[in-house]
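What follows is a single chain, given as structure tokens, in the form predicted alone.
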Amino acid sequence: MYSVFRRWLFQLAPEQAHAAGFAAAQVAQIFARRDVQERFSYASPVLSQRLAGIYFPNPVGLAAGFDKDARLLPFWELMGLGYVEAGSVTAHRSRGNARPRAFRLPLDSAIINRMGLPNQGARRVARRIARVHKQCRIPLGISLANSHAPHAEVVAAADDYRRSFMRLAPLADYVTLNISCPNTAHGKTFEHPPSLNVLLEVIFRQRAAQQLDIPVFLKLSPPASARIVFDSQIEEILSIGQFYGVHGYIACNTASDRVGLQTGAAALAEIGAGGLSGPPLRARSVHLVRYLYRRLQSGQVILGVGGIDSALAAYEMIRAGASLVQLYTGLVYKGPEVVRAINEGLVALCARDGLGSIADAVGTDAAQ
């Protein structure tokens, strides 16, 4: 069914198609709740886990960037997702970069975007979440980023995160710090270890001041390749994270390079800069997940994102060490049916391998 709808959607510009899909979902979450749930939702005890003190009914979640302003929280539960990550949200409202700023690469089933963090700002998003959060039975994560202000110094940028955290963390089940997005005067991300130290000191001080026992995750950049030997910077990131008590990591964000694409050079040159997402990132994401699983302490959570568009892709990520996976580009190309297909497929794959639960599969390939 989605393949027919997709042909129409793909005649629209990507942002127009996204808006049309959101409009249809907003109608469905009001007038067709039962139909949506019966069509797309799938439950099995094999899929459930408790991670960082949070119960996840299944491991398939929505990645940040898809529902930036938390407009469709009830719908994502109806669609069968195990959790949703809204955002990224910034302290100040942002219109983002000039359009066009999102581009499809059909040959690669991928997307390039240079959105520039458009969102309504922490205050307005918090008001919306407060109205609907109690209706949602799946965990809600909120991704935070630095307001779109490249002039900002690290201390000011960290305080920008803090103000968003102060408003939104009490409404969330977990918070993600999108540290792999620059928007600072020196042009580096908060993966730069001295900057990360400043940010985490500010965030965990605010967390203590509000007496919040909320997990904090960090979202990392992808490695340059699936064969790279990780350098001292990632070791420093993990050491700083361990010092402050970071609860887990998301691997990984979009890529600025164009490695391994079938799309031609002329088309890519016409598109220009932006972050690449989808299947071309999968091998690199799996590589980073495997590394993190080997390095992290027991109890820390890994969320895998990058090219998850099938049960096999999700299972590969889970066996590499991710307890949870996230969808973005896979939803664009395969539609809402992909959620149920992945969950049903994961149950079948666990049965094939003689595993009693999806948790038993986590990290089984990490030593390879």
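In case it trips you up, residue 1 is the first one in the sequence shown, and so on. Not measured: the values here are computed from a predicted model.
Not on display, but discussed next: the form predicted in complex with a small molecule.
Enquirer: Please tell me which of 241, 80, 278, 215 lies within 4.5 Å of the small molecule in the model of the complex, judged by heavy atoms.
Expert: That would be 278.
Enquirer: Name the single residue among 140, 126, 157, 111 that comes within 4.5 Å of the small molecule in the model of the complex, judging by heavy atoms.
Expert: Exactly one residue meets the criterion: 111.
Enquirer: Check, residue by residue, if 68, 117 and 252 all come within 4.5 Å of the small molecule in the model of the complex, counting heavy atoms only.
Expert: Every residue of the spot touches the small molecule in the model of the complex.
Enquirer: Find out whether any non-hydrogen atom of residue 178 is located within 4.5 angstroms of the small molecule in the model of the complex, and reply yes or no.
Expert: Taking the distances in the model of the complex, the answer for residue 178 is yes, it comes within 4.5 Å of the small molecule.
Enquirer: Should residue 306 be counted as a contact of the small molecule in the model of the complex, where contact means heavy atoms within 4.5 Å?
Expert: Yes, residue 306 lies within 4.5 Å of the small molecule in the model of the complex.
Enquirer: Can residue 302 be called a contact residue for the small molecule in the model of the complex at 4.5 Å between heavy atoms?
Expert: Residue 302 lies outside the contact set for the small molecule.
Enquirer: Using 4.5 Å between non-hydrogen atoms, is residue 64 touching the small molecule in the model of the complex?
Expert: Because a heavy atom of residue 64 falls inside 4.5 Å of the small molecule in the model of the complex, the answer is yes.
Enquirer: Tell me the stretch among 325 to 333, 47 to 55, 34 to 42, 339 to 347 that has any heavy atom within 4.5 angstroms of the small molecule in the model of the complex.
Expert: One stretch meets the cut-off, namely 325 to 333.
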